[in-house]
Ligand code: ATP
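To begin, one chain is listed below as structure tokens, in the form predicted alone.
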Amino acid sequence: MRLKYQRVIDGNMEYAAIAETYRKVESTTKRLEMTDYLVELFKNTPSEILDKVIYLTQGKLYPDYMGIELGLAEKLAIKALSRTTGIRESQINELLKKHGDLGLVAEDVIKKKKQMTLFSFEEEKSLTVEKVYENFDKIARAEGEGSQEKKIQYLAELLNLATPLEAKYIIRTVEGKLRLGIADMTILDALSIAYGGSKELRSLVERAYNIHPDLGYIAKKLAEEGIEGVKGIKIQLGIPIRAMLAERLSSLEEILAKMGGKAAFEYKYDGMRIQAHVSEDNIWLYSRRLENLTSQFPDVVKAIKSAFKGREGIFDGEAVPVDVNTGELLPFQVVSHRRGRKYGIEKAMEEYPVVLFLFDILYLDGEDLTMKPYPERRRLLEEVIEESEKVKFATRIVSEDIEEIRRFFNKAIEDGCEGLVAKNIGDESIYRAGAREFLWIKYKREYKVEIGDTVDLVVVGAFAGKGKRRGTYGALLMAAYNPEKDRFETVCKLGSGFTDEQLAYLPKKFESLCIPERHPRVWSEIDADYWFVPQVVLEVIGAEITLSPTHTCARDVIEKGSGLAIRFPRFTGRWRDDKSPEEATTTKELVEMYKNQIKKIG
């Protein structure tokens, strides 16, 4: 058996090097150890294929904004595995029921196949990273008549060459279920260490990532040109910038104190965040999660093209559904009907019309504006955009008067908004791409009563239903995000607010995310009946936040041995598909909300 391998042979890198790294990463839940394994892998990867190794480690082939997805239907993967091993599909399905992971099944059946053959691993041709990536790319791009058969052939070809360990990760990757627990920030750390010797380069590398969110591109640039190459990465039309996000505080007094006594206050719209890139020849629309939405919003494309008076620009705004008869702003759920459509777009435009409310400009005619203060950016925005029925500026005031701001807040609520976003107007008020800082602060109406405010929590597990809920989930285990630790910490069990139809749908909704053990980025002292990849975000409201000896959210921050829990949580009915798990409510935000409760009680 071939137990040892050379990472690079004749200029090609063995896929075994990646598979062995994945095995090591899976063996630990410690982020530092994961980082060390990645550093070793990156250092030993030829620079010309480093981007491919990065993408494969992310479980993808290209950056998200390109919209090329690898996911292969499980039934096709089973057919390929059956064709490779000679084992009947029914037998593979039985093994899948037993293991719950087709990757483990592949590892097992490929091992048995190898043991039954007359040749040894030493006589086999090594599977290379280049070959794996090439076939994955063919699988992702195959379409039309005969595409399913082609996909099976491409996958079977890889499995025929693979060792058992390689087969496990090939299957997991092609199914979109790699699930190593490696976040983008961990990869950034590893790149900084591998090519800079320490994490000191991290801020420069992260800045490049925030304005050009393509880890493969950045890694290759770093490997081939060093840190100077990364410093040279600029904003580019057609490549989305990671959105700047807002912190939250519970009173206008606190907000003004944080802002130096005076700030701009804009309506906080309940819509879909849109980043619009406009050139003389093309227009691209991106979501907060960097998805390309251009084809789904042709009305917005037409409207922004007509409104823009410059040559090239990048704009930040919110697409908000509007009742054309009354002018009333409608809730987020309405505009969400526009997402993901390939057909019926014209009808959707008529049924769910939107207005694009712009609140920032990040790039204009070749100039990066992100390092300019907010007031200057707003002035430039108003100079180059001509308002219309479909494109408007976010309503705002600049004030230091609490009563004026309070009246403006009440008007925002009356107009159908969630509240206000306060924005720093000082020289430091740059656009911090990808950051959540107190340069922007949310102020929502729900702060007025008890916990009141809705929170966005990540589903990390579930509990088997009993009684009427037998056969589905009785409750979901919900978590907040801790950005400092890069993990999800439990805060409540959620069982209220679901309709019967939603409850029946839950097992199907989470089927592809179900994993046999707790995800390495989840910190829980509760044993769930089912564990999920932390990916789905739900909007939740509760009665109050209490200290909890059971939940891990902000453990030891308020009181030694206690975390925070949301009492009597209820699902609002809003699936936050527009948010990534890392954009969920943070543990720090919940700590501030708890402290605000205590102040009110006092």
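This structure is a prediction, so every number in the text was calculated from the model and none was measured. From 1 onward, residues are counted along the sequence shown.
As for the form predicted together with this ligand, it is not shown, yet the points below apply to it.
- Residues placing heavy atoms within 4.5 Å of this ligand in the predicted bound form fall in a single listed stretch, namely 434 to 442, out of 408 to 416, 107 to 115, 182 to 190, 434 to 442.
- Using a 4.5 angstroms heavy atom cutoff to this ligand in the predicted bound form, all of Y269, R273 and F359 count as contacting.
- When contacts are judged by a 4.5 Å heavy atom cut-off, V322 does not count as touching this ligand in the predicted bound form.
- The shortest heavy atom separation between E318 and this ligand in the predicted bound form is within 4.5 Å.
- In the predicted bound form, this ligand stays beyond 4.5 Å of every heavy atom belonging to K79.
- Though the partner is left out of this view, A394 does reach within 4.5 Å of this ligand in the predicted bound form, counting heavy atoms only.
- In summary, among the residues V384, L204, L245, L503, the only one with a non-hydrogen atom within 4.5 Å of this ligand in the predicted bound form is L245.
- Listed residues A162, L476, V300, V421 were compared with this ligand in the predicted bound form; V421 is the one with a heavy atom within 4.5 Å.
- Taking this ligand as it sits in the predicted bound form, the stretch 279 to 305 comes within 4.5 angstroms of it through a non-hydrogen atom at just one residue, R288.
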